[in-house]
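Encoded as structure tokens, the following chain is the form predicted alone, with no partner shown.
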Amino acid sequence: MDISYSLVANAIVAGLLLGGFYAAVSVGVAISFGMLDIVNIAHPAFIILGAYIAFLLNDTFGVDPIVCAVAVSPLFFLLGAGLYRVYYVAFESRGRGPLPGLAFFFGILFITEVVLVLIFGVDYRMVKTSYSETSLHFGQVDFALRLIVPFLVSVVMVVALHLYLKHTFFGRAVLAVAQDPLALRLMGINPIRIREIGFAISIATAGIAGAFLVVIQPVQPSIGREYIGLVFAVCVLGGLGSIYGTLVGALILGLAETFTATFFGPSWSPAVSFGLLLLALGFKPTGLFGR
């Protein structure tokens, strides 16, 4: 009985902590896909890029990855703004459908992976922090600090984004830009500029999430592919365009994956995100908090 309780309790704790990180990983897709209708399939590539930048700064200068996350976010914001400009000129301004744009982001995904392989190789890389090997113990439940620290910062970031987009004029403009860009123009607002800033924010969150990722586990260039299904599953489950729903969906997915790995083996975990995605599309396409 004690062993069963310990196993379940630790699975719940690990699932919630992992879910908080998944929220940081997915919130950028909630903005780009859920609010801006841009299917950025390359979002995980920017997460891995952020992870390698955090690794490089940590390995060279000993900078904590969480500090790296804050430091590199403006660079990822500018990268996202520039990328959207290319996307707009090549696709949106010419009235092309989403399929060519999807191919564009697939190209970005694989180009980023190849560049990282050429620079860093295919070996796994990890960071060294003061909390990487430290755990807190409460009875039979363990709290790994390498999960707690990213969880806390991830939740703060997601909640701050939720409040910003819900209670500011810019946030309301982002919500409106995909629904009625003409109405925004009549109000004297440039919808292209709104989309550019919104997409840049989504890429900035990817860079931050990458710094969290390299704290949680070792990384290598192709690991980003594992997160493609996950980020879209979280967004669809929580409800497209809902930041709060993204957090709830991420916590559900984190719990589901952890329980699957604990009781059925880790090899089944990758199937959980796709399974939840199919269930959400089949029974509640709008998600838990969809608009």
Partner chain sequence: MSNARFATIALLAGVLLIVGAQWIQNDYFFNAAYTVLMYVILSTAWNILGGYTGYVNFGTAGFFALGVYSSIVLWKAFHPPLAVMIVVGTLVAALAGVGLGYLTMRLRGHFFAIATLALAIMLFTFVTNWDYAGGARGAYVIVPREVPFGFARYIRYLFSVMVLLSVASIVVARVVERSRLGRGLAAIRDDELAAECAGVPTLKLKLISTALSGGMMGLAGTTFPFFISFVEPVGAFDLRYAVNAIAMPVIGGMTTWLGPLIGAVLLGTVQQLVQVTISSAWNLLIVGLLLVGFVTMAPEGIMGWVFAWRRRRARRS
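Positions refer to the first chain, counted from 1. On a predicted model such as this, the values are computed, not experimentally measured, just so you know.
If you look for the form predicted together with the partner chain, you will not find it shown, but the lines that follow are about it.
No residue in the set P74, G82 and H162 has a non-hydrogen atom no more than 4.5 Å from the partner chain in the predicted bound form.
Contact with the partner chain in the predicted bound form, judged by any heavy atom within 4.5 Å, is made by just one of L136, L78, A90, V156: A90.
Out of the listed residues I108, A176, I197, V149, I108 is the one that sits within 4.5 Å of the partner chain in the predicted bound form by at least one heavy atom.
Screening 66-74, 228-236, 245-253, 53-61 for residues having heavy atoms within 4.5 Å of the partner chain in the predicted bound form returns a single hit, 228-236.
Within this chain, L99 lines the site of the partner chain in the predicted bound form, having a heavy atom no more than 4.5 Å away. Using a 4.5 angstroms threshold between heavy atoms, V39 counts as touching the partner chain in the predicted bound form.
Although the partner is absent from this view, L281 contacts the partner chain in the predicted bound form, with a non-hydrogen atom inside 4.5 angstroms. Of the heavy atoms in L240, some are within 4.5 Å of the partner chain in the predicted bound form. If you take 261-280 and check each residue for a heavy atom within 4.5 Å of the partner chain in the predicted bound form, you get S267, W268, P270, A271, F274, G275, L277, L278, in sequence order.
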